[in-house]
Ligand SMILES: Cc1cc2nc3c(=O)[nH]c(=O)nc-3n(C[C@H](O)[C@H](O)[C@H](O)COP(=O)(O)OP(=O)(O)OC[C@H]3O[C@@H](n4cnc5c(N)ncnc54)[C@H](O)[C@@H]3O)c2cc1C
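Shown below, as structure tokens, is a lone chain in the form predicted on its own; questions about how it binds or moves come after it.
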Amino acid sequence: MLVVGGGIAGIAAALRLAEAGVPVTLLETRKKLGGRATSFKDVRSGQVIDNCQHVALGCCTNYLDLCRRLTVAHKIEWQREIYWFECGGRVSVMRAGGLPAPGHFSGAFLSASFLTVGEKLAVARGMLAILTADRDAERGRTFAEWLAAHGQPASAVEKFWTPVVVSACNLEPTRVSASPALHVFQEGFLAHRDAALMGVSRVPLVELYDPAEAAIVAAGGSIRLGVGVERLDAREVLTTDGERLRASAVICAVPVERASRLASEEARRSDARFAAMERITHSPILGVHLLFDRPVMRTPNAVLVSRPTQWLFRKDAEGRAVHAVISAADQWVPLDEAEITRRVRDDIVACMPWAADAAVLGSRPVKEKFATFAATPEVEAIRPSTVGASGIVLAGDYTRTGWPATMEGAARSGYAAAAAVLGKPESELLLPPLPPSPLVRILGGPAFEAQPA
């Protein structure tokens, strides 16, 4: 059994197969695991830094299961509060209160200063509509169209809906399909009081996947790093060194832009998935690592309201090391490092005025031009299934997981691929979502009807 690609999807597939007693070999072009959710040694500072800040939520049941299987769950720090900073420094804290879901954020929401009373009423109406929405029926229109149809004013879209959706789906509401956006709010906010807990790795991301080799080997598998792949089909992989590897099955767990190029000509002719995959587009993410000469961040995280820089994460105890994240970063990609640093610093100072005198000692912008697939209505309609006519098994967050481009989507796809190879229903390997509260089951729509209590 061969798995091509050592990102989260490939690791998940290989581990579950090895645990099931299947001899599996994972091939990875690079000398490290993790794919796009990994780290690298910065030659300027000599430090190991992440490509970009990746976050798990409490609702990411399969990704968290993978972390437990890799014995790294303890390396994730859970943050119960999210801090929304307005220009001038006023802060609203979002945390779950004592009410059951879906009302667990009601107290924090009512006290939030960054929304007017009218905007809060509009958002509340939107949340009620999301609770009963059939997200599968909304794939064909954008989330902006859905919001407009449900009376959401532009100011509420700018201050509340957009920061959440852009961060979760890496697309603006005007581009993202309503289906994955609704998924974010249904399962990430409304279903369970712990769904929105935010998990941030305490260590460089690459360290989360270091135990994968030992875990896979212990279960009877193996990992070969630094092995490039030239071509593959359902039973064979040709490496860039000319080595031919035969297997009972092949899982292709590389990014979508590579997957269609690696498939053999015969596979592409027989399997319509690969032609469709060539039409899947991408959305970039920009991560900016900053070091200041004095503390600037007083909270572990920050959402910057109505600013181009969407999120900040404190990376040291003092608050001098800051990681800024700009999702859907199309307009930022052409900028040089000096301009990126200036703009991010301006956003920080606007929302944290006490940082005005702080000097930037070091800046390292990291552009991920192909960070995620773009979950537009057009792309949602052509996301490929795990199995197809060629016999090649696909794994990757771009497959038909029901999730946006997230670590949870990648883990789910890996588990689904393993289930396909084992000839089992996906439900035997996939963990279910967090159970909806009884009130959500009563009030909610189709998204919650089939979920376990």
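Please read these numbers as outputs of a predicted model, since none were measured by experiment. For every residue, the number given is its place in the sequence shown, counted from 1.
Form predicted together with the named molecule: not shown, discussed below.
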Original post:
Within 4.5 Å of the named molecule in the predicted bound form, do we find a heavy atom from each of 6, 35 and 253?
Top reply: yes
Subject >> residue 10 within 4.5 Å of the named molecule in the predicted bound form, heavy atoms >> reply: yes
Original post:
Quick one: is residue 208 in contact with the named molecule in the predicted bound form, heavy atoms, 4.5 Å cut-off?
Top reply: no
Original post:
Is there a heavy atom of residue 30 no more than 4.5 Å from a heavy atom of the named molecule in the predicted bound form?
Top reply: yes
**OP:** Examine residue 310 and determine whether its closest non-hydrogen atom to the named molecule in the predicted bound form is within 4.5 angstroms.
**Re:** no
Original post:
Looking at 227, 184, 133, 288, which has any heavy atom no more than 4.5 Å from the named molecule in the predicted bound form?
Top reply: 227
Subject >> Contact residue in the predicted bound form, from 298, 282, 343, 258 (heavy atom within 4.5 Å of the named molecule) >> reply: 258
Original post:
Out of 386-394, 419-427, 64-72, 36-44, where are the residues with a heavy atom within 4.5 Å of the named molecule in the predicted bound form?
Top reply: 36-44
**OP:** Could you list which residues of 37-61 come within 4.5 Å of the named molecule in the predicted bound form, counting heavy atoms only?
**Re:** 37, 51, 52, 53, 54, 55
